[in-house]
Ligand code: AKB
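In structure tokens, the next block holds one chain alone, the form predicted on its own.
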Amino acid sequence: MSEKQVLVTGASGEIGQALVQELSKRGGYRIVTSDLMPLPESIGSMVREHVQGDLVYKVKTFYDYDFDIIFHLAASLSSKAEVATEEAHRINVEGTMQLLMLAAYRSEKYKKSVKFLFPSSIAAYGMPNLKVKQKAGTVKEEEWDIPHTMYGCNKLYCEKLGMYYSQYFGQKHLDEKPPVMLDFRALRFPGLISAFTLPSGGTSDYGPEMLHAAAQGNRYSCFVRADTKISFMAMPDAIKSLLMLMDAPVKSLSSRVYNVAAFAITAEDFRQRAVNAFPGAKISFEINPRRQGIVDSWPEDIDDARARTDWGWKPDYDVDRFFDDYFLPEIRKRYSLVGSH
């Protein structure tokens, strides 16, 4: 059986590193990566080729590659995107558009549908105020798609572009044979937390930042209110969901965009976990109005019934298993606190 050729953009990021490791563990893939940064040593040996540089200008080099699957992870994240909106649009939209065009071209030319996996986000939602957010509770894919951020707007638009290129690009008369389309599949992720990489300043990173600080005995000022509630997920579950969606037969998909969820907790819940794990942890709440506004626009939780029904999605880590079996043991190991409780 020949290897499938896979492109992973944004491979040096949190999701990228974990995904490359899991693909390598599975075997059967020839992995090509792309990122602005060099590859971390931890995954360098797992990759056949790494293309470093700005993706928007590097995409043309990939037209000579015969990719079966593209994981497009490269993005300018929410907090940064609000500061540099034009640059965020260039990276998030133009980069995605260029790759979609490449995948569509290859799908039609070689009559082989390229799978295109895209990590979208709960930032694609936009709740008008806290009262509505609390009343709405768990939100479905087609509800409240009114993003309040550049990042959210970019993600929602790229979902629509993916639908266009996988369903309508090269439209023909109903009687004519349609072209072979690329196979676009998107996941709306909640806040993702990895035990093996440091938080990178994302808007949902207040939880892991709190625990990293507590483990080191450092003070931490949380930038959102204690009652702030959104959905989170352990990185292994994020990778699991990406690969489950990749493997799902196209006939089983009722949509191109799926929510995936694991557990929804408050910032105070994170603080309590930090204090219980690391007695003496000094955590305060000093609200950053801009970042608070972003998180308040995201739903408290998301409904992933569609993913559970269509392709059998179910997370491995609920809130207790996330902390007790995944996150806290690795945090203690990182800071040489193996014997602490």
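Predicted, not measured: the structure shown is a model, and the values here were computed from it. Just count from 1 along the sequence shown to find any residue number.
Absent from the display: the form predicted in complex with this ligand. The rest refers to it.
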| item | value |
| --- | --- |
| Three-residue site Ile122, Tyr151 and Trp298 fully in contact with this ligand in the predicted bound form at 4.5 Å by heavy atom | yes |
| Contact stretch among 209 to 217, 98 to 106, 236 to 244, 114 to 122 - heavy atom within 4.5 Å of this ligand in the predicted bound form | 114 to 122 |
| Among the candidates Asn92, Ser166, Ser194, Thr203, the residue which, in the predicted bound form, approaches this ligand to within 4.5 Å (heavy atoms) | Thr203 |
| Single option in Met181, Leu77, Met127, Leu253 placed near this ligand in the predicted bound form, where near means a heavy atom within 4.5 Å | Leu77 |
